[in-house]
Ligand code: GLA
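Okay, here we've got a single chain as structure tokens, the form predicted on its own, with questions on binding and movement later.
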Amino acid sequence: MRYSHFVHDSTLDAMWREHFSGKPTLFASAPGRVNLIGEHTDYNEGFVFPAAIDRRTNALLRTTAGSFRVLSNQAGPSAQFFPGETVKGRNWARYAAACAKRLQDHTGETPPALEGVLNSHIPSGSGLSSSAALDLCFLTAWNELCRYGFTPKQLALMAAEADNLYVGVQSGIMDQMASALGEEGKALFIDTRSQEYWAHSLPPGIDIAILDTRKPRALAASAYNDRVRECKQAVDAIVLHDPAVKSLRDVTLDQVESAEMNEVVRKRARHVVSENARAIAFRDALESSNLPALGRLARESHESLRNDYEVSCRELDAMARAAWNAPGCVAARMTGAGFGGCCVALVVSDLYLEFEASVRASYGMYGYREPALFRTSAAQGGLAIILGNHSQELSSE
């Protein structure tokens, strides 16, 4: 069975032929994700509602007796390392090395080094979680090659641990769970405290649109860490009055308003608490196909991220306004860490072309960088396929 039965990537085939002789033994793939609602709630043990998307990171791989050596079509060659080592610096291989080290922690075995080629269709730096897709691409590959038997959920949690412990990213579990557990045509409502999740079908005749401002998210990393710290400060203030509180997941808006804290911290907490409520309401509206409610909740989410959490920017605000006023728009908001990156919109499929034309025209009036707009769909999570004797030649389609 050829891997192209699942995901066709002719660029990947050509890269293999150019850089390697012989055959790959495995095809691995993992999707990016977009979060429909529930932003900056995951590291507060709250609710999130992402969907894996049909933009993926794909790899052709085989084990090697040498060091890890994979060539990325977008980011160039990996730093070479032996599994069990960490990679310092900014080379993208630090994610693969972190995953290998976390596998070693869990299994007591050192996974084999890999060589091969990598091709990503996920725009880097736009908030669609290309890093989580990279993690899951390699974790699913090692899981299949070594017959570890980890479930997709276990791989997702391992990826988050790898990023936290060995890459130094203070992330929650949303990105990795979406990339590992995505289902075609469905979004995942995730309780990040219990790590339970439920797949919910998207309304028929509705597309997911990605509206990428293409503004680099230069401030996102440092601001993300600031928000994590501010949320902890809010919890510390509320715990003085209610020792049962463990995170902002446990807090009410009345507690936020009555506790003693500075106004910046209060605003951060107000966003998280109200966003958790919006995520639950969004799930209910999705189940009942209440499209007006989806639109209202998404707009309230954007406004809260702009005013209380202060992670939006002029470009994201302009893009959201352009979407709200475009034909066929059901719901739209900024998505991701903020300070650039993307908005997400739910759009009536039959009106998508009119929607996109209207958004381009409206957003273009501001004179910002040319955006990248595309429609996508909810997609399957990470997968790995042993090629072996079932693939006598690479796909030539």
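Numbering starts at 1 and runs along the sequence shown. Here the structure is a predicted model, which is why all the values come from computation and not from measurement.
What comes next is about the form predicted in complex with the named molecule, which does not appear here.
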> Looking at 224, 95, 150, 197, which is the one with a non-hydrogen atom within 4.5 Å of the named molecule in the predicted complex?
Replying inline: 224
> Among 298, 211, 100, 174, which has any heavy atom within 4.5 Å of the named molecule in the predicted complex?
Replying inline: 174
>> Counting heavy atoms only and using a 4.5 Å cut-off, do 46, 49 and 302 all touch the named molecule in the predicted complex?
In response: no
>> Just checking whether residue 336 would be counted as a contact of the named molecule in the predicted complex - the rule being heavy atoms within 4.5 angstroms.
In response: yes
> Wondering, does residue 42 line up within 4.5 Å of the named molecule in the predicted complex on heavy atoms?
Replying inline: yes
>> Given a 4.5 Å cut-off on heavy atoms, tell me which of 86-94, 174-182, 104-112, 248-256 is the interface stretch with the named molecule in the predicted complex.
In response: 174-182
